[in-house]
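Just the one chain here, the form predicted on its own, laid out as structure tokens.
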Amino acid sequence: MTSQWQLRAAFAARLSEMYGREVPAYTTLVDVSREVNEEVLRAQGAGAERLGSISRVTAERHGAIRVGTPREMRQVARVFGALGMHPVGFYDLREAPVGAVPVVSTAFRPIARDELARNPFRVFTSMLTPDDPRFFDARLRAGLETFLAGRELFPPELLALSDRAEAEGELPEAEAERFLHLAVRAFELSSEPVDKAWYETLERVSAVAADIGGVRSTHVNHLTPRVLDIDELYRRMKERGIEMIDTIQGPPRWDGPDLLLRQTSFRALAEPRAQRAPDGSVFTGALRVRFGEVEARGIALTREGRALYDRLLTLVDQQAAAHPTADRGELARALWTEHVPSTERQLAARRLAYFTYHVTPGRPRDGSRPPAGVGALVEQGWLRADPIVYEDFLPRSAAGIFQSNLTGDGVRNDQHAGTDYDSEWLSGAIGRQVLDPFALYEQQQNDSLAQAAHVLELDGAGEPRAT
């Protein structure tokens, strides 16, 4: 039998192989990531694995796909459910200050700590919002809905196998192989000709809208390895002649702990695609859709930590606007140095980041009672604090990556009010609860504290608590 996590690991590996064949620059990205990771490991030793073992980091991938309707979102949720992946987080990319991205998104990923350690594969999944009048007028919306209703992204056999794998938690070997074959094929780039006029009509609104609603299939939009030094990777990719986007999205490089998520990518490539002209003839054109992304993951921040991060981003924007010739990275680095604690212990003391707590094997053995409070327990050597890896995404960074790889800024008519979407709406659309990432991190932290209290045999008055 093949368990869900084994299906997930195999699917991620096969998807990576497929994408490497279709987008050769992605293979270069993976190779350079591996080089950099090996060098960081040699230089830093165990410190390089502070946020995950090197085997996990090397195997780690996240993908991105786009679908058009709630029905398609429910179906893809069934496929990812077979892999032990759940929808986590709600991202609204329609409100980006530059460019038009008419989608709302969630990320399907494992949620249990042991499942993440086995294979943390994630898929950032975006859904088109054709009923948002800022992007689509009534006529275009009707055309989109008709087009999307007439396509089938996932064959019934794949969905049936998905349901079985999710219900039983595993598949027999032959069925597992069939599932993997069908699942990978569902995300390959189709060779079916694209209706040129229809595609270009949508592209005037948004290149993302065209990529979703202008073709009769879905595909991997980008695939992302994880690297331990994203600045060094960025430099090496440019040295190899790969055209990278202008910036690294997310927090700046600084002397303190790695926080949240930093991302960059090479630019979307002009790929030959069969296109159908209005007279019915088929010719070979080119579309710029797919790219390769790379990420560096840091510590998960609490709600208070995220609020601080968002405030600092606003300050960076303000200072960059006031000093247009200044280096944005230097502005951000100065603000981080001024406002963000420079050590993990300080982050924990100010409750800005999440940690798991473990009883120290060499804790005091002189018969003394452990002190009350997590800070004192860590300070006096009773507990060890390990940072929790940020497993999710940043809306502004995701929008920045999307926009950096678009063929144009798109159109958003702000004379109309936008259609409301939120996490609860998306949960109903998917038919599964979209989970709150903060709640998941907090539960992981609290579970570790409860376990530590049990080991230390603390009474209620002395039980360590994070809040």
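Numbers for residues come from their place in the sequence shown, where the first is 1. Given the structure is predicted, the values throughout are model-derived calculations rather than measurements.
This protein has a second form, the form predicted together with a small molecule, left out of what is shown; the following refers to that one.
The single contact residue among 80, 393, 357, 354, judged by any heavy atom lying within 4.5 Å of the small molecule in the predicted complex, is 393. Distance criterion of 4.5 Å from any heavy atom to the small molecule in the predicted complex singles out 221 from the list 302, 221, 129, 119.
With the partner left out here, the small molecule still marks one of 415-423, 60-68, 43-51, 24-32 in the predicted complex; by a 4.5 Å heavy atom cut-off that stretch is 60-68.
Although the partner is absent from this view, residue 72 stays clear of the small molecule in the predicted complex, with no non-hydrogen atom inside 4.5 angstroms. With a 4.5 Å cutoff on heavy atoms, residue 291 counts as touching the small molecule in the predicted complex.
Contact check for residue 275: no non-hydrogen atom falls within 4.5 Å of the small molecule in the predicted complex. Of the heavy atoms in residue 154, none are within 4.5 Å of the small molecule in the predicted complex.
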